[in-house]
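For reference, the chain that follows is the form predicted alone, supplied as structure tokens.
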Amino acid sequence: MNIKTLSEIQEEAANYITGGMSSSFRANFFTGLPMYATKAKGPRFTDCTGKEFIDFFMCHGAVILGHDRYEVQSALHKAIDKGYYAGFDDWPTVKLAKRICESIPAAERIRFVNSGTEGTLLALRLARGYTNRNMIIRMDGHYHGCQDYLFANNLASKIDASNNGSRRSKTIGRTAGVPEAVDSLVATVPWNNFEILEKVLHEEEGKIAGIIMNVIDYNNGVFLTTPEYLHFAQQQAKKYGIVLIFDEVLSGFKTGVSCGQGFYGVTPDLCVIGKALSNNVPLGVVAGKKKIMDRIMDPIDPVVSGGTFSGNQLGIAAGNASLDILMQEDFYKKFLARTNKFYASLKTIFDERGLPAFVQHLGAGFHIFLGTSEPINNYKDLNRVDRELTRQFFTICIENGLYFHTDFTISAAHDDSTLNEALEKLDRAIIKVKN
């Protein structure tokens, strides 16, 4: 079969795979087409038509060290060579757990899972089991995996735009197949709003099991909170006997080994990490206070946590190999200096070419908002973004070998030479879109 374009590949794939893709999130945000890749190395990948890209998607931000990092690849080979097995733990499992407990402030005890979605499901179950309550408070616009309880209002495009910040948000965008009854178990509130969080906690006193939020929202374009808000949520959770949960699946290891909670200096009761921990090999972790995590082993009424592939040896091997690199004394100092230099250079190019844009960034994650030169501080500020200009610009970037999708990410493999090449391509895209 002589297939030459990605659309032709999708057409063929759709004969066997629903939609021609294994995840509905793989349709590119700008072109509408899924990407089919045949090879990935360092900061680049090659698609199935033979075209090479500098990758700024990095598998939803999971590839913090670069594709096919030698140390991770070597660790995977060793795990396979010893006789790959699931259903058992091993000394490397204990080693990785110990290192996580030493690195993540919230981690007094941990449980391995396979994905962020599994992690947030277990975190909610633990909160309910620990408090013997049913309701969860979540933030309007925050994404917590492909799970029923938290599917509504899970992106900036699905917030309750009618909410002026004086009330809890309405349910927006619950997917087909999720029962309406789920809404009675979830209260959705605007992020960074002290008053409405306190109001809902008071109104639902004795019913709330947990509060879950992204400590840094990379999903929607690097939206930040403040230490004051996180401390307030922490204090309110303690006051009402509620479990505070930070979803760090995407924010984990973007700013340092202590993740977003270390960056802000606020420790939750539970957190969920994954993605960059194992450099894109399937692995997730729920970590938290011993008294909460111990509910898993309660002899009378345990919070059940199990799975055939939980703590799988490939994920464990990749996690240990990744932390060997991430925990090096000068890793983040050098890495983040390079990312910050890139962000500053990119902003200068936009300014010099006269194309209104704002480069929003923190650590290894960034976003480019077009049509405005001012910061995008909250989800409603997204109304200032020129969506058609955005689509045109990033479509041109992709055509010219720069791959953007969601969760814009720079990896440790993006060296100065690669980033300079990317800046040149971005400059050409700016010129083209202006013309």
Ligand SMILES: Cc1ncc(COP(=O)(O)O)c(C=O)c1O
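Numbers follow the displayed sequence, beginning with 1. Here the structure is a predicted model, which means the values were calculated and not measured.
Another form exists, predicted in complex with the ligand; not displayed. Remarks below refer to it.
Q: Within 4.5 Å of the ligand in the predicted complex, counting heavy atoms only, one of 199-207, 105-113, 286-294, 241-249 shows up; tell me which.
A: Answer to the contact question: 241-249.
Q.
Can you tell me if G262 lies within 4.5 angstroms of the ligand in the predicted complex, counting non-hydrogen atoms only?
A. G262: no, not in contact with the ligand in the predicted complex.
(Q) Under a 4.5 Å heavy atom criterion, is R138 part of the interface with the ligand in the predicted complex? (A) Answer no; every heavy atom of R138 is more than 4.5 Å from the ligand in the predicted complex.
**Q.** 4.5 Å heavy atom contact, N219 to the ligand in the predicted complex
**A.** Flag for N219 set to yes.
Q) Wondering, does Y130 line up within 4.5 Å of the ligand in the predicted complex on heavy atoms? A) No, Y130 sits far enough from the ligand in the predicted complex that none of its heavy atoms falls within 4.5 Å.
Q: Let me know the one among N320, T225, T117, Q236 whose heavy atoms come within 4.5 Å of the ligand in the predicted complex, would you?
A: Here the answer is residue option T117.
Q: Heavy atom within 4.5 Å of the ligand in the predicted complex: which of N214, Q313, T339, T188 fits that? Just give me the one.
A: For this set of options, the contacting one is N214.
Q. Going by heavy atoms, what in 143-157 lies within 4.5 angstroms of the ligand in the predicted complex?
A. The stretch touches the partner through Y143, H144, G145.
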